[in-house]
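Next up: the same protein chain in two forms, each one alone, written as structure tokens (structure 1, then structure 2).
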Structure 1
Amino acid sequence: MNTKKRGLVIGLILLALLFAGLYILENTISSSTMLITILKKGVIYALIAVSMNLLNGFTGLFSLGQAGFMLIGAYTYAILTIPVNMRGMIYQYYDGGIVQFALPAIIGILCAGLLAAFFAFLVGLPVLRLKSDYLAIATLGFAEIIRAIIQYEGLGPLTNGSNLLRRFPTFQSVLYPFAAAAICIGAILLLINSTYGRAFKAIRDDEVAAEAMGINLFFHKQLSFVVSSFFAGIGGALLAMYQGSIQVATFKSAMTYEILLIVVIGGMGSVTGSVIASFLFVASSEWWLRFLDNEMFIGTFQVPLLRSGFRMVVFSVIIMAVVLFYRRGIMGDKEFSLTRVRNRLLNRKAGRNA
């Protein structure tokens, strides 16, 4: 109990240090630099990846509906928070739309999560009775259905059809998404370490044995699905804030695949793994591998292959290599812990002395 309490205190101190560091960073460099952009996008992806990991890594449900729930979240947020005086301009084809009020951003984000969770509840009722690959296809299909419904012209006054939604409140400071993600990931961690979380893991490891031990399979699967979608919805709302405008076309199944690959790279069943992998994924796709997209000359020699799009090719080859040869990902199913790092360092030192 004591070590647990100490771990919590150390964790909170580190978190406080992280926020202090971010605050200083933000006030020393211009907010349009690549680093700040990466941090913003990375932390939002981290939240979404952790929410998907809760489902795929901890409960063993192979769901591919994440983009659908993010879409619900992003649209709920945007529809509820666009200022009333902007609506006429944005809903120009639909006489200003039917929603004629605007909620504060925080409430908008909460509603985004709640609506995504509500839909997850409805979808989960039938779909969660399916197993592995059938579940994957059914959830993927559901995400496509959501996309079609939102694009439907008849719902135009509410969703603006397939046109852009924009001018909703966004965030300026990098602290905002970090605070939101920290609260959400903290909540997911609490859930994972609770009795419910242990039941999730039991279901993942052996469904039949878990049921025999008296775990209510359907209730726990449904719980995991709803909670995961709640946070995916919040992630969607944050992503909308980060991008400044949203459109249905962003949330295709390719987005679910990307997040799934992040979860795999980080390690199925590791929260810290997903977080680390999100930052690595965003940083390498947006920043570190950028040079691959530009033609390069060494003297008069033009380096072959380098041109627009090569970055993503290299990137996907790296991902394939991880999937094939490094299947456990960065963290496996372990969590990053300072104690383990310290023990390892001490052991190494002890080994050297002996």
Structure 2
Amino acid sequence: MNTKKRGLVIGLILLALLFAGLYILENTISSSTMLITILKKGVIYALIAVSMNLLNGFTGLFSLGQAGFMLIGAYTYAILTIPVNMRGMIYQYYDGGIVQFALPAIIGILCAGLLAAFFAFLVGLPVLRLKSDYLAIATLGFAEIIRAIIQYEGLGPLTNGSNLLRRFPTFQSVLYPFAAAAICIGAILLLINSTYGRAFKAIRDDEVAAEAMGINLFFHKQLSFVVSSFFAGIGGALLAMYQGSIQVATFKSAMTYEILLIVVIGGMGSVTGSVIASFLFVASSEWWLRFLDNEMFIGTFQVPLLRSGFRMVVFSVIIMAVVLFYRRGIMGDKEFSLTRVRNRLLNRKAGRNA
């Protein structure tokens, strides 16, 4: 068995063990515990971060429109899957809305990705001719325009205006988002390791040289942009399912900055880095440091600074330290590999024995 096939078999075995472990964990502890909550949100953020890394890390396009495509995906999923008998209660200001049918959840998720990809195709026609900061500003502006359009009262019968959308199908099991994210990230990995992925990396490294080699710059940039947005739309639909309700205010530009921060911490050009950083980011910001928001007394002495909001101050300091000391991120542009780990251990052992 060659190295590539052996790696694939080992990867599938590890994936099976992961799902078995999640199944045991979910049936051992309550589904409402913080650990299960972090796992659900962390894997959704992992998918979105990997989709952004495909564009920013592997293709070298600095886009800040991820929250906009997530917003499109979340609203598309919600609008298409709300049960018909619930629409009158949800669209109470718009006579039940104009959509009077409900699609299965899986089809709704696919539609969320497809509509996000369609908008990415249209937006990409003009903006992908821009470079660097200009592209970032253009995509950020697109995200803000989408937020404003969805809140527009004239579209209320479709989007419910600035009101909540709810009652759409959600997931209770942690296996559901993990399975969806595993399939999507697997598809992104296949793309990265294909000839298209090599073209993306060539464009990232040197556009002039890539064009001289016969690579169609605009086609490959748009392909990366559309595929990234497709999976961002699916991530938005999964986030809607996780939250149980959605509103435009959730998808602010700060969400894009969070995803970008995860990509930078994990390593630009590393899929496993984005996955690891996603869980670390979600766990640190919402769980491990939560005690810092509560006042603490040691006898009659009150510990200074511990109060609501201090958690984010400490979290920001930690992020700054990580960025300063790990400038290329946790993984850099490398991927986690059991073979690489084994080789490092063998090299260290050989060094000690020398």
Partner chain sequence: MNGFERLFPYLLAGVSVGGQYALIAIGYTMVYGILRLINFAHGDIFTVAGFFMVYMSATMPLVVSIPLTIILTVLLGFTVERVAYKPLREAPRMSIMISAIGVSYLLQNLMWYVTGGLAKQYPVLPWLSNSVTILSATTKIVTIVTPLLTVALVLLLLQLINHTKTGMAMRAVSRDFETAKLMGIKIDRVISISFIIGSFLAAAGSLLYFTNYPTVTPTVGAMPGLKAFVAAVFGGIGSIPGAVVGAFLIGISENLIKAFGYSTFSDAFTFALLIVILLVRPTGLFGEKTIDKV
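Being a predicted model, the structure only gives us computed values, none of them experimental. Think of the rigid core as the biggest set of C-alphas that the two forms share within 1.5 Å after superposition. Just so we're on the same page, residue numbers count up from 1 along structure 1's sequence.
Looking at the condition given, the form predicted alone, one finds it describes the source of structure 2 alone. In the core-superposed comparison between the two structures, L289 has its Cα shifted by less than 2 Å.
For V323, the Cα deviation between the two structures after core superposition amounts to 2.6 Å.
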